[in-house]
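There is one chain below, alone, in structure tokens, taken in the form predicted alone.
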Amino acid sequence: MLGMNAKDTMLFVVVTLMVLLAPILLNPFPTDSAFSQFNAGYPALMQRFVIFGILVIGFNILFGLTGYLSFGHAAFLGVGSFAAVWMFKLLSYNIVPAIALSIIVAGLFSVVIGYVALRRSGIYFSILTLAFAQMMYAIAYSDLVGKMFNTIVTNGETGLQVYLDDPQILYSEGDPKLPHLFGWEMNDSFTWDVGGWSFVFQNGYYLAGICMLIAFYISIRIFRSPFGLMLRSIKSNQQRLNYVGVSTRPYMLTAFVISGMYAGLAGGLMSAMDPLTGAERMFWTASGEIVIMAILGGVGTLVGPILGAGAIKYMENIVSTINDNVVRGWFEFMPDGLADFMVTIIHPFIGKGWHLTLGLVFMGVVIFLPGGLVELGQRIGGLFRRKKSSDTPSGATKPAE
């Protein structure tokens, strides 16, 4: 279907169902239950799941297929975000031109940066991308370009946002004054109350989800294409390709630009959900988070980037909100002394200590699951298949004639 083999089609269908049913699947506990804080089915977090999924899917095309590790990918995320907000300021709140410009501008920046950085490989390439990203962060944070032309470009540390006196030349009376898709407001939502559950279906989440599915489909086609095969050969032995006369730089630059355009799309969607953009999105720690997401999910796999992005954003937004009072409620059936002991043990791993939990999870994955969460799923599936095969008779006997 759609040029995919049966296995990829099944994977795409599963991911599509997960995206469509996420408001239900991510709310397993009733709203009033003691474990409701583990529910992740609210719009702001679901948007982060799919937007960062797009970002890491694009990063995986570069890192997973070619082995070239970029430490500056957040720069394209920030550039895309600023481009989208400028479209809101100059044209209107319609997200179509904003997202289109985000992809184009991020692609142009990635052409320039990739052309220079790809002259080196290995750690030197990584350092060059990090240097470019930090330069762009410093320029955005200080609004250096704006100061040179006596205007505002990034608005410095305050961040860029839309004001009432902005031109918005395509704005017409009656248009929403928030990001929208031809009048379809991004923050509009529908709540479905069933028993003790409350499921929220938001326009903005589903728009971002559709964009992620399109990005995921393109990623599948790239992975299975001759172009993707060439990228894999570059990762396997680039020097041998050079020896036989194959120029690898055009392939590398194309992969770098595609990856940057994915990041630009993610940045545009972030601004479409919240039209306030700051330079912090371009900082080196944001690029490091992208790398961790890819490794945690499974580098070089199709669905790994989505799993890695979801896992980290879940810990960042759920584990970080758990406090001692919540933990004490889990152990209220225990004697007071034992309950206090359990709170003391768990305290360093929750709230502001969620990074410690992330660090332990990341160490466990790197040591025991080099293939990331995808490998974990494969091992679990292998156990079930082994059990099923052991329950099935190894052979059948024919009755005597």
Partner chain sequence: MGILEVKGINKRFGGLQALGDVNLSVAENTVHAIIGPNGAGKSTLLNVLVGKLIPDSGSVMFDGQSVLGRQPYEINQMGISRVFQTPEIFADLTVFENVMIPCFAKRDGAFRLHAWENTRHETGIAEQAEAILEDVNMLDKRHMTASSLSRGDKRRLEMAMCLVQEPRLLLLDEPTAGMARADTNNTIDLLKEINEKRSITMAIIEHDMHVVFSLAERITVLAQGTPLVEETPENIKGHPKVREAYLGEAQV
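Numbering follows the first chain given and starts at 1. Quantities reported herein were computed from a predicted structural model and do not represent experimental measurements.
Keep in mind the form predicted in complex with its partner chain is missing from the figure; the text below concerns it.
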Exercise. Please determine, with the chain shown alone, which of 74-82, 176-184, 119-127, 241-249 has non-hydrogen atoms within 4.5 Å of its partner chain in the model of the complex.
Key: 241-249
Exercise. Could you check which residue among 191, 321, 151, 225 gets a heavy atom within 4.5 Å of its partner chain in the model of the complex?
Key: 225
Self-check item: Of 134, 168, 161, 233, the one that lies within 4.5 Å of its partner chain in the model of the complex (heavy atoms)
Solution: 233
Quiz prompt | Touches its partner chain in the model of the complex: residue 229 (any heavy atom, 4.5 Å) | solution = yes
Quiz item: Using 4.5 Å between non-hydrogen atoms, is residue 254 touching its partner chain in the model of the complex?
Solution: yes
Quiz item: If you check in the model of the complex, is residue 237 within 4.5 Å of its partner chain, heavy atoms only?
Solution: yes
Quiz item: So, in the model of the complex, is residue 147 in contact with its partner chain at a 4.5 angstroms heavy atom limit?
Solution: no
